[in-house]
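Heads up, the chain shows up twice below as structure tokens, two forms, tagged structure 1 and structure 2.
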Structure 1
């Protein structure tokens, strides 16, 4: 074999060996697990992590015709359903009025599997009235000034509660306002209240309707926890459709992020 042939063979062998070594030493790049968190901030994805879910009802026992607030919280879930209510946000609240005692069943699914949660609401069936009243007259508490109070007293004692941006958690000032409202309402048992949820004008109409309902339900729950009967409270959401202030600044937006209490005639 001539010298040029030997040199060519050695060069080819060296090139092949370099390719083999390069392929064997190549490290697989780690999978990027960073995702988009709240407001675009980096966070970890829920890939492979089992979801968790809790479902509660407030109150757990109601009279027939009254309503109850379902509240659910999940982690690492991508979809949530509740039997009879369909597909829902992964966290939220919803007011329901079951006609009979009902077991609410939640299913939360995520990349890491499926988890379930249940809560039972007991509905008390009203009993027929007794015949103890021999006068044939029914007391009308709605016309009793002591039971109803006045509109001015209501406005002074039952004040609106306000929320932070994109939140329906009660702040300390909202907790205090709800407690003061509950004391007045418990002293005037004939009053019925409309609890309306509002949002500022940022975001879609659909999103804000849900957020407004969550805010109204959070305020209602605070009153119920303070002793006000749930049957006296009615919830509605206006989302961003009815603005208290229309200027484009934080002070104005704060005015619109509220749950408002009004007399429900």
Structure 2
């Protein structure tokens, strides 16, 4: 599976942003905040030129045990750290083999301030292929054809559902996203889906697991009500344990407050 989860994320947040602008339910737009998403926009500066940082990973999705190349470029930075890798040159590449899906979090510091950049590497945990075809990758389309669809189609049609803080109610944008997802899943009955619930970094780890469970269940219920068989859907709450981003601002918190759909192998 070559799901471009980063692209998915950007698409989803763009859709969300437009909804936020339309709805106006959040007074603060993340236009002047530091480093949301992958772009590493400059942070607040005192003097000096603000640093910029971009962190990318290739590929964004790997099988367990495979490697991914991290590539970072900064300007006006004097020191660069990536969580788990320590202090690094201001520009560089490094090959890593994360055991689990990982958010790589880069912090670039310079005279003009600090900027962060994130990239998420999704690690697929190996499961026995449902078709029995050992080549796995092509099995989906070879044997199931249209019933299985492609990973790219899945990513385009089955998008994350986002929630308000401390809430597991489906917002209008979430209802739309769930309806689109259900339409695609009903057209591809061989697909099984992991519905994962996530929470933002605020509040307590234990309570957030129960909240994430409710978010995932709310998304699952929306799919079931739209005709998707419950037996195709598996729910896991991650609470605040697998954060997409770690900045302390509303745009990042919103990215984390979601139910995320992935192909369940």
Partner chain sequence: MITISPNRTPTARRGSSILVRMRNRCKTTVATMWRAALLGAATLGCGVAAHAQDSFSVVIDKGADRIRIAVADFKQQTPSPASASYKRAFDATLYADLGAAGIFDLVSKSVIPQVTPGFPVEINLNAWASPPTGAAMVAFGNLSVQNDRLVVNGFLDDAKNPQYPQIFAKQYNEQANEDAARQIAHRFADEIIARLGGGVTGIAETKIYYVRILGANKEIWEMDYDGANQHAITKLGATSLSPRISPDNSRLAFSTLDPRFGFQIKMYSLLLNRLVTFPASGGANISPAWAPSGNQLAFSSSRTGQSEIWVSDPEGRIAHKLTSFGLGSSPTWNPKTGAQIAFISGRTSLPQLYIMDSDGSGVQRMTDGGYATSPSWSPNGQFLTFAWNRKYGPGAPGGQDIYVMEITTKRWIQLTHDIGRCDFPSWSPDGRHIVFANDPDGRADHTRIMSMLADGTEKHALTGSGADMPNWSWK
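This is a predicted model, so every value here is computed, not measured. Whichever C-alpha set is largest while still superposing within 1.5 Å between the two forms counts as the rigid core. Numbering follows the first chain given and starts at 1.
Which depiction, structure 1 or structure 2, is to be taken as the form predicted together with its partner chain? That would be structure 2.
Large Cα move at residue 157 between the two structures, threshold 2 Å, rigid core: No.
Relative to the superposed rigid core, does residue 205 relocate between the two structures - that is, does its Cα move 2 Å or more? The answer is no; the displacement is under 2 Å.
Return yes or no for residue 65: a CA shift of at least 2 Å between the two structures, with the rigid core superposed? After core superposition, the C-alpha of residue 65 moves 2 Å or more between the two structures.
In Å, how far apart are the CA positions of residue 55 between the two structures with the rigid core superposed? Its C-alpha position differs by 47.4 Å.
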